[in-house]
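Only one chain is included here, represented as structure tokens and corresponding to the form predicted alone.
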Amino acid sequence: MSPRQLLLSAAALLALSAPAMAEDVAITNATVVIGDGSAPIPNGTVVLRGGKVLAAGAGVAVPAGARTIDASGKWVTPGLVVAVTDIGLFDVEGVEESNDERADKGPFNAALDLSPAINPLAQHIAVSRAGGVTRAAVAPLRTGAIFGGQGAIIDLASDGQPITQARAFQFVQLGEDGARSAGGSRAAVHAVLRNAFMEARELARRGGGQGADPRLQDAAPERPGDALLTRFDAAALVPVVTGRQPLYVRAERAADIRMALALKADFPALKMVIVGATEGWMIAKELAASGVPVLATPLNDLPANFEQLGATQSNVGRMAAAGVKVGLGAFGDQPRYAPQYAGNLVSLTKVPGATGLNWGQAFASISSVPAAILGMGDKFGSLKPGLAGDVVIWDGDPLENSSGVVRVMIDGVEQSLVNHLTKLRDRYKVPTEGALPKAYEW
């Protein structure tokens, strides 16, 4: 290779590796959704500057020099925020070697930090990004104990740097899954959970586990001789019992949610979030009074197991009507389906006897509300000035199944929407004979 070719190759590599820069952008003539629960604004404008929202709404002036995108006939919204999910933790879910969702054979549980395991190049991230998802809270699923470890908040940009906040929360399983891990009974879950918190509180009292990353410090202070947790696991729970790290509690049955809420009587510093909450509507007033927010599994309407006997599609609507801060989360399938779930909650308002959400509430439940529950409401989740320039342009109402994503920007940087699914679509859209395998013949 000649010196000139080497120089050109080096320049090409540099261009590929250099992060894309945010530019000043004005998206005009669109139906604008702020994402804070308010109604859509017709003929609005969104202006991004320096990777953040400068202004959004009606009558917004276009700054001189800004690149203008005419979005006539389209909708502009904040990026979708999905919590809790497992994207980035596996390539093929059924292939153990590519799956980092579970660590049930390892010696640690609460101390696990899943952020190093997140693969920003995973196709699930690319597919979710193409569906309008820009931020997510990734949670571990299971270890050999009731504690799943520490989840992370990520962005879905294609720059290869997904971590917004590592060790953002601790995850614990109650209910039937928790009982299996603790020894076969909810009684065992109670004992294990309270013992773990008491050990962590004692460790905190002795001065251990106070650092930003409790895994990496020597929790040297003496611990009781009958300690059941590993030192690292106990140290990892110190930020939880002292209120510096939120505790995400997976609980479906009303009685299990009540048990979780009761923990605050003994451990008042706990910053708790209930995940799942299939029977949350049955104790909605108690949840509202507690101030504990909920990331609800949307539209569960069948008792898939005994902890979901009270499942109803009105669950989210009834909790919201009672004053519970409730966002959609704990998706058991593709996070890109979040708008479909939110749209169905709007449709429920037209079903006699059912309780759903109005349009603004429904979109907020997949944008600003989960962002606020994650503690990131002042950073992303809506199109308010100063927040991250996470913007999605849709070809129609985003809560309608027939609408699709046209463009996605994260921190003001336009993102590629190409993924394996779009490549397969393009490959077989016009089947032709050639070197490629034959297309389907029916």
Partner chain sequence: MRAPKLLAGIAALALAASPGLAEKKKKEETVSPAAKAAREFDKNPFPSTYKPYPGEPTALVGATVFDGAGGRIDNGTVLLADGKVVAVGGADLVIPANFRRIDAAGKFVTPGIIDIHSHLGDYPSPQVQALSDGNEATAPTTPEVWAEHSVWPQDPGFSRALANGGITSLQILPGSANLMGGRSVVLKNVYSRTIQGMKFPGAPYGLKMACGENPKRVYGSKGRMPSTRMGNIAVNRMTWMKASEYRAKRNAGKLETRDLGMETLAGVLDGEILIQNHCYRADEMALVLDMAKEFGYKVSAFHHATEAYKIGDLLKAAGTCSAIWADWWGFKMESYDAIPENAGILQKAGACVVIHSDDENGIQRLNQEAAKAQGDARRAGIDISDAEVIRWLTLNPATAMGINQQTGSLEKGKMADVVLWNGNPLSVYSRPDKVWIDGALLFDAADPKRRPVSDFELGQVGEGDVK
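Please read these numbers as outputs of a predicted model, since none were measured by experiment. Residue numbers count along the first chain shown, from 1.
This next part talks about the form predicted together with its partner chain, which is not shown.
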Worksheet item: in the model of the complex, which of the stretches 156-164, 236-244, 131-139, 117-125 has residues with heavy atoms within 4.5 Å of its partner chain?
Response: 117-125
Discussion item. Each of Thr45, Leu54 and Ala71 having a non-hydrogen atom within 4.5 Å of its partner chain in the model of the complex: is that the case here?
Written reply: no
Discussion item. Does any part of Asn29 reach within 4.5 Å of its partner chain in the model of the complex? Heavy atoms only, please.
Written reply: no
Worksheet item: So, in the model of the complex, is Glu93 in contact with its partner chain at a 4.5 angstroms heavy atom limit?
Response: yes
Worksheet item: Hey, in the model of the complex, does Pro303 get a heavy atom within 4.5 angstroms of its partner chain?
Response: yes
Worksheet item: Should Ser403 be classed as touching its partner chain in the model of the complex when contacts are defined as heavy atoms within 4.5 Å?
Response: yes
Worksheet, complete the sentence: Of Gln334, Thr230, Asn195, Ser290, the only residue with a heavy atom within 4.5 Å of its partner chain in the model of the complex is Gln334
Worksheet item: Exactly one of Ala311, Ala179, Ala284, Ala152 has a non-hydrogen atom within 4.5 Å of its partner chain in the model of the complex; which residue is it?
Response: Ala311
Worksheet item: Heavy atom within 4.5 Å of its partner chain in the model of the complex: which residues of 347-361 qualify?
Response: Ser347, Leu348, Lys350, Val351, Pro352, Gly353, Ala354, Trp359
